[in-house]
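We begin with a single chain expressed as structure tokens, specifically the form predicted on its own.
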Amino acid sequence: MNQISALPDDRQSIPADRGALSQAPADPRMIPSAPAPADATIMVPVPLADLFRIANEYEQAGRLDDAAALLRRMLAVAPLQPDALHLSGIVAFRQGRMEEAADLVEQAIAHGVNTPLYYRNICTIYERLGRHQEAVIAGRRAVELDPCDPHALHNLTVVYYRLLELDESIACARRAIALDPTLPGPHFALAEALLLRGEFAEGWAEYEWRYQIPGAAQMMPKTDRPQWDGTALPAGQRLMLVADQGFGDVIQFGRMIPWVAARCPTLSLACSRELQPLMRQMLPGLDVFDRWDDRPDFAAYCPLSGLPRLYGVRLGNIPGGVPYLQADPSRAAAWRARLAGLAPPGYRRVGLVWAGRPTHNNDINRSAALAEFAPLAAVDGVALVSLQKGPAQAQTGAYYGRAQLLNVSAEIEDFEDTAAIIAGLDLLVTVDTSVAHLAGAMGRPVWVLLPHAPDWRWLLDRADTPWYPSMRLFRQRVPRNWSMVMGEIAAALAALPRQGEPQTPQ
């Protein structure tokens, strides 16, 4: 989560502290500007410094189109003004125009005088573009110019994580924390690097900083009730659990609800409606709600993602037996019959999910395109089943693979449908999404494609995971390149025995 401006992104943002931006030298040149009254005819000259100040205020307020328009006028008069070029790059970044953002900040660097902020911010832009070596060079230059800037060290922490240079990532995070122990970003980046290496004790403690990151979604409304410390509550006092992160996280950490209930029998769960049927499987009679107005009175609260720390999860004591979720039997039977009628007899039914939620802060690295799964479609005796939801579902219209593609996505109404379909598959092949967690929690065979720098929960250099025994991991060797992974999966799929009934590949 490196930083550029004030993005509401808990993984990568450019910090709101812009240093040189707020202290840009005044420019004596003037630019014409229309006065406020709509019917005025007299043009009033405005100093460039004032125009820049207004554009900077617009950017900080999120008025990006207005900021861009003012900056264009400013650059028309002073095309080499470095602060205006830099701020234009920040606006372009926030509007998703990454290549343009890099070009603008590169121009600012070329026409500026070793401004640390420019290097600090372009480090993040390069990281988003996958230009990691250039990001390292820029980040190091920012630290060289301003060794006391914890934000620059934080940005380097994220880049090194992307390169899986975890010693360097952790070292930069610790240096940033030493400079400013209150800065949450480096703490969270440190947590992810430690957890990825399996160093859970310190990792879980640092993970607690996640809700202090600027722009992070609040876990719940303000309350004077304490966060649960893991000890049993007095009889009758209610503990409120909060399903605080993405669907996959809720499925992964939901396994710990029975452990909580043994200590706090009076229990409620704040959870989105989509996941409530699955979470009710964890504890019969569990009180679940999805509107804060409906919450019961409670003595303490705890996020689901905070339970591993309280339990003391380590690699050798992952709680909860698998499977701990199952498909509704009647739905599963109906979907099994439907798939049997669609797929050729004797063909392996292989489910596909190739993209996650596009708004996810790491989606550019974790998602693939359906066309990249072509090697799987060339395997004999395979019928592919699309479980893809969201905008990426439209890619099925351009599918021309040899294997039949059964597109049942439009018929999936909820996670219970997804679970029922998974129960009737021989195998699910998916990128790192909530569907992977669901299949793993059901104990169903699932192969997961991981980006070069995976999420912390998948650890390093292993094809299995202690969280889900039925899961097999396939890891990218080159960032943002799925070709080798697809070849490995196709070869593994071709080596499976051809059977018509679901089985568990090894």
Partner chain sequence: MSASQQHPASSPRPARQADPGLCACGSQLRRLRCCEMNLAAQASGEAGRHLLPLVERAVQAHRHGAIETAETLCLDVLELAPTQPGALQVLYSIRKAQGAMRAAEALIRRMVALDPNNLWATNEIALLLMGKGSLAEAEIHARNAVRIAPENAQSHNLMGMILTEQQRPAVGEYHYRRVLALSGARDPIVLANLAWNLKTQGKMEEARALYEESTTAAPQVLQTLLGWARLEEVDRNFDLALALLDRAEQIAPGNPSVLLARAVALGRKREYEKALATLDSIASQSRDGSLGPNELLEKGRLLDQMGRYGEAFAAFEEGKRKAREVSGHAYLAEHAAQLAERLQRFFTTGRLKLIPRANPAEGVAQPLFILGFPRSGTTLVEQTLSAHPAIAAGDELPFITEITSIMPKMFDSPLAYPEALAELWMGDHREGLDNLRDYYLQKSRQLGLLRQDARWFTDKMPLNETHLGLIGLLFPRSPMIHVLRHPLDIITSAFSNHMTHGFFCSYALESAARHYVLVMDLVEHYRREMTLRYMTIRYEDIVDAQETSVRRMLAFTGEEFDPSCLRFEENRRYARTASYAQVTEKLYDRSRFRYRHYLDQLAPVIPILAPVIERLGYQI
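Residue numbers count along the first chain shown, from 1. Note that the coordinates shown come from a computational prediction; the quantities given were computed from them, not determined experimentally.
Although not depicted, the form predicted together with its partner chain is the subject of the following passage.
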Answer yes or no: in the model of the complex, does its partner chain come within 4.5 Å of a heavy atom in every one of Leu342, Gly401 and Val408? yes
Which of Ala394, Ala217, Ala110, Ala232 has a heavy atom within 4.5 Å of its partner chain in the model of the complex? Ala394
By the heavy atom within 4.5 Å rule, which residue out of Arg338, Arg72, Arg97, Arg263 makes contact with its partner chain in the model of the complex? Arg338
Hey, of 273 to 281, 172 to 180, 421 to 429, 342 to 350, which bit sits against its partner chain in the model of the complex at 4.5 Å between non-hydrogen atoms? 342 to 350
Mark Glu413 yes when one of its heavy atoms lies within 4.5 Å of a heavy atom of its partner chain in the model of the complex, and no otherwise. yes
